[in-house]
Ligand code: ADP
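Okay, here we've got a single chain as structure tokens, the form predicted on its own, with questions on binding and movement later.
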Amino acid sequence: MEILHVSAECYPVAKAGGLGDVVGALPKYLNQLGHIAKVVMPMYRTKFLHANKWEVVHKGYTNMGTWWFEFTVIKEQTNSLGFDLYLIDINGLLDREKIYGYDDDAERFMAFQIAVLDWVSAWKHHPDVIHVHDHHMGLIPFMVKHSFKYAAIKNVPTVLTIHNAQYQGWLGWENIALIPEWDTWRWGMLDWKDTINPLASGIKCADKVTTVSPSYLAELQYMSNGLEALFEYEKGKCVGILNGIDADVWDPATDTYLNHHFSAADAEAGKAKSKMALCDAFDLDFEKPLIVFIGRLVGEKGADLLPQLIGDSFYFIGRRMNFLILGSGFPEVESGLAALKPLAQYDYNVYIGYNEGLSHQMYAGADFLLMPSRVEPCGLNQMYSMRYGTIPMVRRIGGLKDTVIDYGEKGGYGICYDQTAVGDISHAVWRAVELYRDKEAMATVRKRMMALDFSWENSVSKYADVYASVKR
């Protein structure tokens, strides 16, 4: 089958979170399975764009409402990612450095979706499936089925993957003219609670809907930011498929970001060298357990509790551990974490920002990874950490519940708790400190989790089954 993935992100081209990691890996593994998977995304001005060679494969002229624009489709020439990668440029709209965060994001991604469908309509053949990701591409299933302009591809099935249902791309009905002329009898396929809701529309119109873990799919029926009734109604076409990780990129034996490589066989020595380098760089005590947080500093991730958690842990447990934080997000969280630095010298440090290389080094050098998420559709960080011998400390929710078993249970290898609350998380910190004191138990847990396989090989065939079920 030929599958075209349409996404706002794709690692290493442009990434803001787990969406980019998935779109950067799934197509490669589909191709290895014998399918033809391709990716199309906006042409942001990134390092990847300037570092690679491209060819123009299509030029088009189309409109979004009363605005007419030209667009260009370019293709990466060397297939360096393991799949065909296409970028769409719309001058003045997509050619920016950031993925998100502009006042006109709705117009940017609307124009991109229109350009994608204009381009696909011009193909000499059509893909077997169009696979769209998250609300940014959520109107494609509707336009394929109900916009007159795309009658040539109206029978191409669509699949929507929801990476995070909290963000839905709401638009007021005053924006309806932006969508290419459509069958107005179908207005209900766009509407949810008196707004145009791209994610809701995608759920209604896609032939299949997938979520990035089975537990997250179950949770969406009672916790999906207003779409609970829709998920209950459409559950017959929804499938939960656990994300995998790219085992080629995330391998401590070959990771190009690491100075000290290791495998399960020599993990203790390799991690010690990586930890020493981290502790030297951030003025931390090598002898104490190193607990890290890597991710967006937002409420979804429980990051707003980190300043109080760290302060309370030092007060109630004592300075028996190190904390190292990497991330960016809410200004008040960033300032709260920065304010801790002078108060917790040698036991705490923080790096505000995004740093891919440092994240790899932290997975390799840390003893524990903290993930106190309020919402976690799948979570990839805990899988990365286990691959690198770092014990995850997670709340039992979404994909975290599907991938981490508490070490106190039979065959367990992580530290789990039930609530995103300082008390629950502090108890997990205490358990981590106590576990660290037992070197034999640490070694057993580390060996057990490094033997786990979270690679895409376990998930890619399930996506192939989804495509086969909708292929016409």
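In this text, all values refer to a predicted model and were calculated from it rather than measured experimentally. All residue numbers are counted from 1 along the displayed sequence.
Not on display, but discussed next: the form predicted in complex with adenosine-5'-diphosphate.
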key: Location of adenosine-5'-diphosphate contact in the predicted bound form, chosen stretch of 255-263, 106-114, 321-329, 187-195 [non-hydrogen atom, 4.5 Å]   = 321-329
query = Would F368 show up as a contact with adenosine-5'-diphosphate in the predicted bound form if we use heavy atoms at 4.5 Å?
reply = no
request  = Please run the contact check for R296 against adenosine-5'-diphosphate in the predicted bound form: heavy atoms, 4.5 angstroms, yes or no?
outcome  = yes
key: Close approach of V23 to adenosine-5'-diphosphate in the predicted bound form, 4.5 Å, heavy atom   = no
query = Would R448 count as a contact of adenosine-5'-diphosphate in the predicted bound form, using a 4.5 angstroms cut-off between non-hydrogen atoms?
reply = no
Option touching adenosine-5'-diphosphate, based on a heavy atom within 4.5 Å in the predicted bound form, out of D283, E232, E356, D95 = E356
inquiry  = Give me the residue from K145, K301, K271, H135 that has a heavy atom within 4.5 Å of adenosine-5'-diphosphate in the predicted bound form.
reply    = K301
Residues of stretch 366-382 in contact with adenosine-5'-diphosphate in the predicted bound form (4.5 Å, non-hydrogen atom) = E376, G379, L380, N381
